[in-house]
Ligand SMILES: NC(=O)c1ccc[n+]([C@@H]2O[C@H](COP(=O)([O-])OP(=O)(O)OC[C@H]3O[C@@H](n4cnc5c(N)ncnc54)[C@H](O)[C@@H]3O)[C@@H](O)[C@H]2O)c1
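First, one chain by itself in structure tokens, the form predicted alone.
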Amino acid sequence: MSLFTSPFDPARETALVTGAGNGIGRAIAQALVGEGVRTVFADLYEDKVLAAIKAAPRPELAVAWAGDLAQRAACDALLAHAQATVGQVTHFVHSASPPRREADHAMAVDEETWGQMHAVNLEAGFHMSRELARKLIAAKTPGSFLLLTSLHAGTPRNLPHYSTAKAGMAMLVKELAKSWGRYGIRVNALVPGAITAGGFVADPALAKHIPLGRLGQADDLAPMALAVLSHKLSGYVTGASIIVDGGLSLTNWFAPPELD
């Protein structure tokens, strides 16, 4: 049997994907149900979640949830909903992130915008990962977590709230991977490049900086995400940051922002 025939065990594995209403999170959640994995689609907007489920290859395996993960109570409500609907979550994908505006450079970003970016990306990612890990450790069940970071975890983006949140997530992946590896819980990062999805509208001219010659699509991320999540395919991979960017990280194309 091919290694790629059945990368997951639907009888024992379930998933929770945040940011599943659009963009990369949506593509990954849809790919998971396509592999037979019962999956919670979580996002801020219910209409987007329902649309993502309707368009999924096996919508009967999807569960919807909507709420603001900047709020700790919402994170706990999501975890409780997942437990009640799909049971023990073994695969966690944290793709949720507030929209980013080019106007929010270092001299312009306000405290609310700064706080929300960190709350959804870093704080919610840590809290939900830890709570899911507690249950997996208690049940002596392996798990696989995937946090969506960014090329700008390591290079400036002129959006300090976004870059610092993603940088924190990149180190969080390493911390959690080191702490939980002994329990069979793998934690990795997927590092997207210029992906025209999830509200990010890239200048087509950016393609000239990409060695593969084009902007990325959300569906470019989903196959790699599934490969890293799968114990069968990536059982010896943890604490890794896998870049999917068409080679964009080989250049640094951003000029400093205008501060007038």
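In this text, residue numbers run from 1 along the sequence as written. Note that the structure is predicted; figures quoted are calculated from it, not measured.
Here the subject shifts to the form predicted together with this ligand, a form of this protein not shown in this document.
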Could you confirm whether Lys48 comes within 4.5 Å of this ligand in the predicted complex, counting heavy atoms only? yes
Arg100: heavy atom within 4.5 Å of this ligand in the predicted complex? yes
Does any heavy atom of Thr14 come within 4.5 Å of a heavy atom of this ligand in the predicted complex? no
4.5 Å heavy atom contact, Ala165 to this ligand in the predicted complex: no
Contact check for Ala82, Gly184 and Val237 against this ligand in the predicted complex, heavy atom at 4.5 Å: no
For the chain shown here without its partner, which stretch in 29-37, 53-61, 188-196, 225-233 has non-hydrogen atoms within 4.5 angstroms of this ligand in the predicted complex? 188-196
This ligand in the predicted complex has a heavy atom of only one listed residue within 4.5 Å, and of Leu146, Val89, Val120, Leu176 that residue is Val120
Under the 4.5 Å heavy atom criterion, name the residues of 42-78 that approach this ligand in the predicted complex, in sequence order. Asp43, Leu44, Tyr45, Lys48, Gly67, Asp68, Leu69, Ala70
